[in-house]
Ligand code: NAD
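Just one chain is shown here, as structure tokens, and it is the form predicted alone.
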Amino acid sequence: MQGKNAIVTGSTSGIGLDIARHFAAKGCNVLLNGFGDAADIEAIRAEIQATHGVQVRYHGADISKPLDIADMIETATHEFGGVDILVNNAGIQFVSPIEEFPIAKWDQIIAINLSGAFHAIRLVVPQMRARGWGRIVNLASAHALVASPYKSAYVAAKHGIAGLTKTVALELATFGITCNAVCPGYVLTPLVAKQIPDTAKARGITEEAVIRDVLLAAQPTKKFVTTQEVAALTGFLCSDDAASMTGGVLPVDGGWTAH
């Protein structure tokens, strides 16, 4: 990955940030993307750049907006000279019974978690194809393989990501471009932490019971997956050692989907 150029969406915190750090440590230039306090994001950007001696840039694209995505990819291409690696990690969650699920929330989750990946992929593929090399990794979820109650939009989007991944892999298999999906189980990210009280309310139980009986009940290891574990798998999929791995929908979920 030395000297490669990567975009990692949703990389100002959580899984995406550790993927960006992992790539930078391997000598990869990285474009960060996501929301947050501007000063905090700049501190993160500067720290990664100084620590690893690579170029690190930031773009605040709203991944629900195709024009923002196009500008982000144009910026990365201009700053780095091209995009070799795309990691579609940006995502949001909302928990609600389906009959109460807000239409606006459904539309937003599909736009960010599914359509955003589509728009980013379609825009980077031409330059990857021209170079004869590319790596696309979509951060899906165990919810790309199984479902849970009260998460209709998220589960639908992540199942869609699995199908998108396989289709892209088949289309690009002869061009040196791979496309895989990584499917984490529960990782204690800000996204998961935020949904704990929502799930408690929806189910009428305590937050402690959500962690014990809802989240980690699904994972035989009884441990949260770490962001570093997800980053390491993502990094491997972007290496030359994984050149024959494409179209995979790969769980890193503590055994959840082995049930």
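Nothing here was measured: the structure is a model prediction, and the numbers come from that model. Residues carry their position along the shown sequence, with the first being 1.
This protein has a second form, the form predicted in complex with the named molecule, left out of what is shown; the following refers to that one.
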(request) Quick one: from P220, P197, P190, G27, grab the residue that has a heavy atom within 4.5 Å of the named molecule in the predicted bound form. (result) P190
(message) Looking at heavy atoms inside 4.5 Å, which stretch does the named molecule contact in the predicted bound form, given the options 97 to 105, 78 to 86, 136 to 144, 165 to 173?
(response) 136 to 144
(message) Test of understanding: in the predicted bound form, would E229 fall inside 4.5 Å of the named molecule by heavy atoms?
(response) no
(message) Check A90 for me: does it contact the named molecule in the predicted bound form (non-hydrogen atoms, 4.5 angstroms)?
(response) yes
(message) Under a 4.5 Å heavy atom criterion, is I15 part of the interface with the named molecule in the predicted bound form?
(response) yes
(request) Answer yes if any heavy atom of G185 is within 4.5 Å of a heavy atom of the named molecule in the predicted bound form; otherwise answer no. (result) yes
(message) Only counting heavy atoms and a 4.5 Å limit, does any residue of 32 to 63 reach the named molecule in the predicted bound form, and if so which ones?
(response) N33, G34, F35, A61, D62, I63
